[in-house]
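What follows is a single chain, given as structure tokens, in the form predicted alone.
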Amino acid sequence: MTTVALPDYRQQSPEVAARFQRIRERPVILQVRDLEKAYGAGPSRHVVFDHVTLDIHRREFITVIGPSGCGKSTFVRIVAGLDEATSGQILLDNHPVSEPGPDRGMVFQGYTLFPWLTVKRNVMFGLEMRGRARSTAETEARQWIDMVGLAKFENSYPHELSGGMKQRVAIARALANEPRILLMDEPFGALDAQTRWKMQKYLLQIWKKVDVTILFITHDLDEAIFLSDRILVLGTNPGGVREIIENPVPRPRTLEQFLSPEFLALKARLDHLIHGDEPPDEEDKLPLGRMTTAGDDAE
């Protein structure tokens, strides 16, 4: 079998290099400085991650990946103000982040819509909480509902929607407050493969139309490459930044690019950073008790 050599994952076409130059020229809106999260003290102290430093530019799409236990969700919760760092600092537009605020929208993996409210009232909720008049909140909510392609369902309740539609409502509700940054913690992880692919495409369409920066947590390498400008790879033992990679795959992205040399080279690098070259641990092997008398082995 012939082995095809992949290009260096750091190689960029002139078009991609020019795009990253334009990104670097935009203002930095989120600064993460020497961030650490640890639990306990003394010999039992467990460091989830430390020395995490990152600058995110306006309208940049950043994904965060890493093995289980590396602190991906903890990191985004600290940015959201839902958890506290042990040390370090996060600045959003040069203001310290210490608690939740409307300048950060959040979309979780679980469906967090209010089941007793319609689609429209779910999207209106945050606007009314911020003091918008009912009529103004309704007008603005309809604009966001139309943005995510659900105008026909504004009077439907969450239980009447599919999983992908619920997440589109959650995105509309988060964006209705016009946050500076949208934080997404594996928002498509509970969806089937076909719906997930659709949601990834929807998200890119929405992002192109809205002045928002996206910080996206995922464990799916294909999803990370398809969506992001840059990819932050976290490690474990010790936890921290393994690498920050500029995505060499050109935009706009298509399904056919999943087999392109750039895509495959980057995916191979990400897989190596997360899993390395180590063989499976002994603990991953199951007991060899036989429960069949068919006389042959399944392959």
Partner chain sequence: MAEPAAAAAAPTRRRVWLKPFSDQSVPGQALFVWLSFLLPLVVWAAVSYVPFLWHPLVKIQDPASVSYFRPDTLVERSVFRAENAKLAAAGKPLATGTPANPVFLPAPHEVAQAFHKSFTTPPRRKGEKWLHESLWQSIQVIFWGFTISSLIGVPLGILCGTFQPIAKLTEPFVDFTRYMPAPAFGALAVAVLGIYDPPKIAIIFLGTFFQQVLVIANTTRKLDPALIEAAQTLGARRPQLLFRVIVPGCAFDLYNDMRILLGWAWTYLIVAEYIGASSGITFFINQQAKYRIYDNVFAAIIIIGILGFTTDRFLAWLGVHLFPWKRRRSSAPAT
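Predicted model, so just to flag it, every value in this text is computed and none were measured. Residue numbers count along the first chain shown, from 1.
Missing here is the form predicted in complex with the partner chain; even so, the following discussion is about that form.
Of the candidates T74, Q200, N177, T213, N177 is the one whose heavy atoms come within 4.5 Å of the partner chain in the predicted complex; the others do not. For the candidate set S98, Q143, S162, T136, a heavy atom within 4.5 Å of the partner chain in the predicted complex is found for exactly one residue, namely S162. A residue is said to contact a partner when one of its heavy atoms sits within 4.5 Å of a partner heavy atom; P102 meets this definition for the partner chain in the predicted complex. Within 4.5 Å of some heavy atom of the partner chain in the predicted complex lies at least one heavy atom of G126. Taking non-hydrogen atoms only, Q89 never approaches the partner chain to within 4.5 angstroms in the predicted complex.
In the predicted complex, R121 approaches the partner chain with a heavy atom inside 4.5 Å. Taken together, F226, R230 and L266 are entirely out of contact with the partner chain in the predicted complex: none brings a heavy atom within 4.5 Å. Remark: of stretches 218-226, 153-161, 203-211, 90-98, the one touching the partner chain in the predicted complex is 153-161 (heavy atom within 4.5 Å).
In sequence order, R168, R173, A174, N177, T195 are the residues of 168-196 having a heavy atom within 4.5 Å of the partner chain in the predicted complex; the partner itself is omitted from this view.
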